[in-house]
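Here you get one chain, nothing else, as structure tokens; it is the form predicted on its own.
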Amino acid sequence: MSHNDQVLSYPLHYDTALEPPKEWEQLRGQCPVATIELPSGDRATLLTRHEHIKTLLADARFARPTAADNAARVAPAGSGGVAATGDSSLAIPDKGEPHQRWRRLVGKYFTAKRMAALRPSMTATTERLIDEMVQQGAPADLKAGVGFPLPVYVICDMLGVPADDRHRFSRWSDMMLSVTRYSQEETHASMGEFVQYMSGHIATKRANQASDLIGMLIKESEGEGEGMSDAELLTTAMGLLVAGHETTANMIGKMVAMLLADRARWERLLADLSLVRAAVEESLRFDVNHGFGLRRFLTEDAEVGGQVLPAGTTVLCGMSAANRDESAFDQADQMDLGRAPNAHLAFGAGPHSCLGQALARTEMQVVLETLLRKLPTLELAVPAEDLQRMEGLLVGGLREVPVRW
């Protein structure tokens, strides 16, 4: 297989939800710069090696696509959400000083110190959710009972929005991240509702001088220093609400499923709780359902893996494939709960690495610690090979995580 002699249909086929596509190993070894056809019918370049993707993410020539770039479209005509179509009307600054300014402003709220302060309340919420799940009886869907509601409660509290609206947030998130699940008409209508809701929420915060994240950003923007425009503030609030619960909710479910798929993993954690942090990192690395991949647009010619990619190329970074790269990780196809160091790319790398990674890590650690303590007999209620992948969205996840105890 070479870059020029085969065009792969993307996304690739998964035999089971927790096992990687067979093509990954062959692509990394023989065709790390591959041509793929997206659901839209457009072609793009897929990268699967760890070193290539890590280098690319730090290269300013690889930018987030906008509607003006004529980049390869992910979604077929008439479908797809804002994130899949590259609607620049909801774009956060992506380059240079504007991007660094945005990261400085938002990053103040996502420090490790702030996350540590949130841990006791996260733990109390997790305990309550587990108790409610147990009260309803087994089998239960751990994703619906714990994995989804915890990140929603946390991000809603951080943004000062009512958690009672969480089902609306879930729908809006799915719409934004849709590839094939919803039509563009449905998505645009939903985004109109989302914009109206969040605009009203921001207006309320302006009037009441709130102390949450949105209130803090408003205060920064009203001073004489660097701040956000109204459009950036709206986009940031919407983006944080989506990113703050969708990806973490899915990752909590996948983490528990992976750890229970081989009982020896769960038993090892029960015997040594000090492994929880390393187990979270290894779950992030071992995850084969990271999602569609990170899409980038090449603004100038660039060489990747000895091959020159011309300006105008749309590149898709296969983060999950890179995290299974044997050249970057010893025994990459084995889940090692004590793996250290663990330079996975689940949160990206370089200047565009995920701002909320400390929050996601804290939530995952809290859920795992609490489950091990309260439900040591937890197990999957179905064979691991019967778990079903979530389809049609840019983010990867499982439809359900059925468990019993």
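None of these values were measured; they are calculated from a predicted model. For every residue, the number given is its place in the sequence shown, counted from 1.
What comes next is about the form predicted together with protoporphyrin IX containing FE (HEM), which is not displayed.
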- prompt: Counting only heavy atoms and a 4.5 Å cut-off, does protoporphyrin IX containing FE (HEM) in the model of the complex sit next to every one of M258, A321 and V401?
  reply: no
query: Out of Y182, F148, F297, F110, which one falls within 4.5 Å of protoporphyrin IX containing FE (HEM) in the model of the complex, going by heavy atoms?
result: F110
task: State the residue from A58, L372, A67, L355 whose non-hydrogen atoms include one within 4.5 Å of protoporphyrin IX containing FE (HEM) in the model of the complex.
output: L355
query: Among 303-311, 97-105, 328-336, 265-273, which stretch has residues with heavy atoms no more than 4.5 Å from protoporphyrin IX containing FE (HEM) in the model of the complex?
result: 97-105
task: Find out whether any non-hydrogen atom of G348 is located within 4.5 angstroms of protoporphyrin IX containing FE (HEM) in the model of the complex, and reply yes or no.
output: yes
- prompt: Is the gap between V367 and protoporphyrin IX containing FE (HEM) in the model of the complex 4.5 Å or less for some heavy atom pair?
  reply: no
- request: Check whether M251 has any heavy atom within 4.5 Å of a heavy atom of protoporphyrin IX containing FE (HEM) in the model of the complex, and answer yes or no.
  value: yes
- prompt: Does the 4.5 Å heavy atom contact test between T247 and protoporphyrin IX containing FE (HEM) in the model of the complex come out positive?
  reply: yes
